[in-house]
Each structure stands twice: as C-alpha cells, then as structure tokens.
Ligand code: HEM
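Encoded as structure tokens, the following chain is the form predicted on its own, with no partner shown.
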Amino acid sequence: MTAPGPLGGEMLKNLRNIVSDPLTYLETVWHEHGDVVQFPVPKPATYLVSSPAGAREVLVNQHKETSKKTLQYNNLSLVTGDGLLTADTQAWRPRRRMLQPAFHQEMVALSQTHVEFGLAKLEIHWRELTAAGPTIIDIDQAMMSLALEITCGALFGVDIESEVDEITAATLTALHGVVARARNPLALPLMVPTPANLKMKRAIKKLDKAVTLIIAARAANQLPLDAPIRDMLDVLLDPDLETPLSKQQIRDEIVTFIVAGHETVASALTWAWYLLVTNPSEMKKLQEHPERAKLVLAEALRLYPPAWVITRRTLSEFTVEGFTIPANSLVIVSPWLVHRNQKAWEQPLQFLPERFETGAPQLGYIPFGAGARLCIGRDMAVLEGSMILAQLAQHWNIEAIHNSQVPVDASVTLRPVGGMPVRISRKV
C-alpha cells in the first residue's frame, strides 16, 4: 500500500453499495481517506484520485505514461470496437489526426443547421402533444432522440428519424450491458449465450444495422470527388486516405460517435433541465436571457458530468500528490468528485451558473476529459447543448411534477432512474 484507503474487510462489507451506488461509495472513501485513495485490491493496485491537481497530473502531465487498456474501456469496446474513444495510444493518435477535419470550427458552425432542424421537428411534436393543454413527458427520452437526430445529421449527413427509437433503445441496452459486465467479476465472454449476453448482442446488432443504413444513405447521395469535406462520414469513406479504413474500422468509428455523440449530450441536457426545473429562479433567468444557456450547460456538466469516471493503466511509476503510483496500476479519476472538490470550487454542491461568467478554471473542470485525449466533439457538444436549452426555454414552460430527488444511475454515463418526467406547455 502506497496511499491511505479502506481495509479489505471494510470494502467487502460495502460490496453491495459499491455495485448499487458507486457514486456515494466513492464520495465516502474520498471524504474518509483524502484526495488519493488506494483500494485493497492486490492486482492491479487500484487508486482513486480526486483532487484537481491530481487529475491534471494523471490526464495531462503523465498522459504518455498511461494507457486506456482498462476494464472500463475493454468492456466498452465490445460495443464500439476500437473506435476513437477506446483505442489505445498507438492506434488513437493517427485516427485522431485523421478525424480532426470533421471537427474544425467551420464544421462545428455548420452543425448549427442540424440543431435548428432537429429543434423545429421537436417543437412541432410538442405542439401536437400540448394541443389540449399542459402535458407530462419524459424529457430524458426527448433529449436522447433529439441528440441522436442531430448527431446523425451533423456527422453523417443522414436523417434517421424512422430509426431513432430503435437506435436509442439499442444504445442504452448495450451500455447497460457494458456496466453489468464491469461490475461482475465472473462475467462470461460475450460468445457464451447467457440471457444477458444475448440481449447485449441483439443491441449491438441493431447498432450495426444503423451503420449499414448510414453508409447506404451516403452511397445513394454521392458527391463529386472534388467536393469539399462535409462531415465525418466523408473523412471515414475518403478513398484517398494514405491507408484507407477497413469496413470494421469504419463501423467502429460510426458506432463510437453514435453512442458517444448523442448519449453524453442527452445526459448533460437532461440534468440541465432537472437543475432548472428544481431552481425556478434560474429557469426564469434563462427564459429572459437565453444567452445564459452556455453558463447553465457548463454548470450542469460540472454537477452531473456524463462521463463520471475516467480510468487509466500506468505504464511506469509516477507520483500524484506526494503518493507513489506503481507501474501497471489502475488509476480512477472521477469528474463527479473532482467537480465537488473545494480546492477548485466554492460552494461545490450549489447550482450557480454565474461561476462560469469568467470561464472555466484550468484545474478542476474535466467534463470532456483533459490533455491530449480531450473529447474531439467538445465544441460541437457545447454549441448543440446551449442552442437547445436557449430555444426550448424561450418557447416552452418546463416544470417539475414533484419535489423528490431524482436518483442517479451511474451507468456508462449518468442517467436518471426511471426517466425525467416534466410538465410542458407552450408559452403564450
């Protein structure tokens, strides 16, 4: 043991809580043992780093000395394959350079059209729902569907409206399968036909079907060879690449961005609406000043970071906050904890969008990761999320239907247990 932490017996007693409510368990060990905690796990040695400086040391300063070959990303790769999110450094670096043109500022600006189109369709649907008066909807499901349509339009140039429900359901099923496997040390290989494995494989098959539809839609709408790059699919299918991608590699990147491109944005928006409806004064401010949407989104991402846990395997020994982390250790950095650390934030548990009026601090704010592996879609996600919050708040009354705390499901992203029911009505 090179850092303080719980004893083995204590951890075994808490095993049920670790599985059912990992956020509370991580908060408990952090408060009891400090910003660097070592768990009593013999192999690999396992550490939790919760300070802003410690997170920066792991994700930024030591990024060349860490790998993504961890249980978290290995299980996620069962769904996404070796796409940009899960690829280890050697494969990731050239892929990141290849995909970067699809996320240049001009391309991000063009995605605004797809956001406007998706919002227009959502508002038509909501008007139909509320024709007879205020209506209760699950805004979590609404944000999932909206984000998926925008992602497929902006990144792949296709309209998948008829497939939205099936793809969002498949995404959630597959990700729940990932989490179940990560929490079960006795999980059998995916090829073994257990009920859980068969359910997960059916969900992956539906995602593969979505990839086929996306590529077929592009093939039916071919542009001249000298046409400028329009979106990410253009990059993936470019025949002039120095090393053209295989069908499997194209599939992996499309599934990666279907999953990561919409599920994380939808999570952020769902929790932003939760914070707004439970803080009516902040909702009123947003309705009167839609330019505050970016501040609201930033604060929602701080309090409810979709990617609530980031893991790395150490390739060599290094020091974090004075504690030695040996080579071949597992290091867990939780944005959920870092964002609640008073070393970075005053009143960390309060919903205070104003704190971002001067921008985000360099330390202690990592909803999109940090360093070389900062999320490639960050700017597009911020634009999309801000536009959606601003427009819907301007045109709609969105209200809570109860005052109870919504329980959080710490899945691959943070999900509300049972959805997020709200009452909507058109503003006069």
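Worth saying up front: this structure is predicted, and the values here are computed from it rather than measured. In case it trips you up, residue 1 is the first one in the sequence shown, and so on.
The same protein also exists as the form predicted in complex with the named molecule; that form is not shown, yet it is the one meant from here on.
Q: Although the partner isn't part of this model, could you tell me whether L389 comes within 4.5 Å of the named molecule in the model of the complex, counting any heavy atom of the residue?
A: Contact check for L389: no, nothing within 4.5 Å of the named molecule in the model of the complex.
Q: With heavy atoms only and a cut-off of 4.5 Å, decide whether T264 touches the named molecule in the model of the complex.
A: Heavy-atom contact with the named molecule at 4.5 Å: present for T264.
Q: If we define contact as a non-hydrogen atom of the residue within 4.5 angstroms of the partner, is R312 a contact of the named molecule in the model of the complex?
A: Output for R312 is yes: heavy atoms within 4.5 Å of the named molecule.
Q: Residue-level contact is defined here as any heavy atom of the residue lying within 4.5 Å of the named molecule in the model of the complex; does G369 satisfy this criterion?
A: Within the cut-off, so yes.
Q: Each of W92, R96 and P306 having a non-hydrogen atom within 4.5 Å of the named molecule in the model of the complex: is that the case here?
A: Each of the three qualifies.
Q: Heavy atom within 4.5 Å of the named molecule in the model of the complex: which of L48, V58, A381, A393?
A: Residue within 4.5 Å of the partner: A381.
Q: Here the chain is shown alone; which of L146, L85, V331, V320 has a heavy atom within 4.5 Å of the named molecule in the model of the complex?
A: It is L85.
Q: Taking 4.5 angstroms as the heavy atom distance cut-off, pick the stretch from 277-285, 179-187, 298-306, 352-360 that is near the named molecule in the model of the complex.
A: One stretch meets the cut-off, namely 298-306.
Q: Looking at the named molecule in the model of the complex, which residues in 349-376 have at least one heavy atom within 4.5 Å of it?
A: Counting only heavy atoms within 4.5 Å of the named molecule in the model of the complex, the contacting residues of 349-376 are P367, F368, G369, R373, L374, C375, I376.
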